[in-house]
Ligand code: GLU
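The chain below stands alone and is given as structure tokens, in the form predicted alone.
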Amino acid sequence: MADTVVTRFAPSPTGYLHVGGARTALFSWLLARHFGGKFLLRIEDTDLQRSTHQACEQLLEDLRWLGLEWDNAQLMYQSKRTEIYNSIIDKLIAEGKAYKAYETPEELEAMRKQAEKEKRAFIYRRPQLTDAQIRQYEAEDRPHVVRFAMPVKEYRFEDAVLGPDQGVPASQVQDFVIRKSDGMPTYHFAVVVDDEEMGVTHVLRGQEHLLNTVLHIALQEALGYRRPVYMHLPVIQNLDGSKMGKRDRDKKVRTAVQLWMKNTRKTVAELSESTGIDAGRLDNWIQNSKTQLDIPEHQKIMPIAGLRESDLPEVLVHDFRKNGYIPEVLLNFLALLGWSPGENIEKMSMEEMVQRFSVEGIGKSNAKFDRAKLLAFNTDYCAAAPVEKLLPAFRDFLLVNPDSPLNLATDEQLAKLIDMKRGFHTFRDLDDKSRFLLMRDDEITLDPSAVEKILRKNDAQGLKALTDLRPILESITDWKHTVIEAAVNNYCAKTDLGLGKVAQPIRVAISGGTISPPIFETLEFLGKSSTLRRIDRCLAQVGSC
């Protein structure tokens, strides 16, 4: 191991961080922390069309939420380093190690089709242009890219995870683009230059980058750079073996929209008018599963199709934050996707993960993302953690869910909700079952199915119980859950009704549905005045139906 281990995480800022990227960042962070080294962050924003300031801020926010602090005070942005890249590229051109290539996209496509027709792999090698041809292209100001003249030889390297003898034979080697026609460097070039300049000693990334390493080694040799230790991590998949990606979310939204259009007989034009999304784009998206809408477009469509964020499969780190997972739990779970700490240990603190982390523990096989297991991890954590540790996390959940009425609650009230509903799975779960407590009394909407099942069934037995209980509750002067419970139990004994047949009508009246925290603590939290107002409102509405 090097004297000072330096790892890096180098995302492209195209939106919120994918959990696969978060796993890469975590492993890089753990390796650096384990050896007392440095974890660096750089922003690979050479894709000028997709990289935005907002997307970069979202990515940084995700990393901060996870607690993966980086050690470089000044972030490196590739888009600000074009002069550095160009000076190195110019030197390569002068040395004959790189050259301008003038083929148009159409010409390149024709070359690929010809290779396919001849049943051979398309291998691009430097064309033999005459000086006259080059002068003509330059005079025409013909668009060009710069390609690296890849030495034709076999490339082999040892990967710290996958083992020795990785690479490609000489027959597969071809020249590749290092500067695009817009003047920006490609990923393959910038990553090599930046890793050298930042002193990166260990590169951790997904196995999809394995063969890219050959290109990077060739550039390192041409530039006289040292070679970092490479570690290619197993791919994260869904349980069914499919790739875990943003398409999972898009598929769910598309299916819901198609069902909504079928049930409501709405047209694409009407959906376009409601959402402000171009009708042609919507029609193409609905008909073609290979196209995707952006997240902001999803957010416009979902309320119309009856979807909430929590209905979508979590794929982005922000999804888990918005659905109320604990960041430490998510990191613990991600650490187990491709790494084993040994001794059948699963649940670990960040300190324990840093202490136990090793390259030898990283596996080669693809990892399966089991959401049920993650949910169980989160449930156990929330059940065991003290309120003072959960409260800041609850506040953070509410920060990214500004529509929740629980934003109106005091810290004392939130702490009370946490204790009342121990056993909740996520803060989303707690919010869904408790938000009615901070709503205005006139905002409570009675669920028709709950009214039929709980209040009107069996000759309106529930409605009668609610009517009987109303004056009993009004007579209570010491509004404590123990006093309320005693009064209700006394009524149950006199009427020979089970507590469920009495508590459920109260629950429907105060919440609109059949789910709440423990009923007597809920009534104490809600307060006497609101309890009576909601019961009166329920009786008036149900009695008039």
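Small disclaimer: the values here were computed from a predicted structure and weren't measured. Residue indices: 1-based, along the sequence shown.
What comes next is about the form predicted together with the named molecule, which is not displayed.
Asker: Among W260, Y187, Y155, Y77, which has any heavy atom within 4.5 Å of the named molecule in the model of the complex?
Answerer: It is Y187 that has a heavy atom within 4.5 Å of the partner.
Asker: V191, L293, A218, A409: which sits within 4.5 Å of the named molecule in the model of the complex by any heavy atom?
Answerer: Spelling it out, the residue with a heavy atom inside the cut-off is V191.
Asker: Counting any heavy atom within 4.5 Å as contact, can you tell me which stretch out of 128-136, 204-212, 347-355, 163-171 lines the named molecule in the model of the complex?
Answerer: Only one stretch passes the 4.5 Å heavy-atom test: 204-212.
Asker: Considering non-hydrogen atoms and a 4.5 Å limit, does the named molecule approach E61 in the model of the complex?
Answerer: So E61 does not count as contacting the named molecule.
Asker: Applying a 4.5 Å heavy atom distance criterion, does V19 contact the named molecule in the model of the complex?
Answerer: Result no; V19 lies far from the named molecule in the model of the complex.
Asker: Contact with the named molecule in the model of the complex for P11, defined as at least one heavy atom pair within 4.5 Å: yes or no?
Answerer: Yes, P11 is a contact residue.
Asker: Whether E44 contacts the named molecule in the model of the complex should be assessed with a 4.5 Å heavy atom distance threshold; does it?
Answerer: Yes, contact at 4.5 Å.
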